[in-house]
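Take a look at this one chain, the form predicted alone, written out in structure tokens.
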């Protein structure tokens, strides 16, 4: 168990794969005892990558409903250079309130804190903590941890920029044979039931392999994972 900020920073600085960044977000969630920690960035050529603890159901739902186009957190961070407490954003529109209700139904908490980060050549990133808490308790938590969270956000971004600079060698992960099999079945157009039957495993076990592959590929959802696996040559169909 990682039990100090220094160890958290060491874990991020020593990361060599996107999967390592995923593990780092999970460790930060446990360290700060919050529901979710997410790091999401867009690189200089427009590719999106993510590492975090949101459920795959919520990530898929977010993409399916195209919430990116109206998410108050995204818009709030584009307009600011300083961290954002979600309750301070404009959630007055019907669409924003519906998205928030949907998020709560998918396991997100009522409080959020997002740090926007801007890098070279148009790179943009968000580092987010999400939790269930009363307003006063959340404000106190942010006040106590704001400095450290800013350091962590920039260390994560520094590592992400290193991955981009290293190019394909750094961003092409090694999938296990079962993860490759799962991605290949999905790339061939099989649904999960068909893929599980093809691999002679349960759908639950298949999902474990899919999620593991998704994390290693730094993908925001299953469709993105298949696309990245194909584009980087991890799988060939």
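Numbering follows the first chain given and starts at 1. What we label the rigid core is the largest C-alpha set whose atoms superpose within 1.5 Å from one form to the other. This one's a predicted model, so the numbers in the text were calculated from it and none came from an experiment.
Note that the form predicted in complex with the DNA isn't included here; everything after this is about it.
Listed stretches are 50-58, 23-31, 190-198, 64-72; the contact stretch with the DNA in the predicted bound form is 190-198, by a heavy atom cutoff of 4.5 Å.
The DNA in the predicted bound form is approached by residue 207, whose closest heavy atom lies within 4.5 angstroms of it. The DNA in the predicted bound form comes within 4.5 Å of no heavy atom belonging to residue 228. In the predicted bound form, the DNA sits within 4.5 Å of a heavy atom belonging to residue 221.
For the chain shown alone, residue 40 is not a contact residue for the DNA in the predicted bound form, no non-hydrogen atom being within 4.5 angstroms.
In the predicted bound form, no residue of 58-89 lies within 4.5 Å of the DNA by any heavy atom.
Taking 2 Å as the criterion, residue 221 counts as shifted between this form and the one not shown: its C-alpha moves by at least this amount when the rigid core is aligned. If you compare C-alpha positions, residue 78 and residue 225 are 3 angstroms or more closer together in the predicted bound form than in the form on display.
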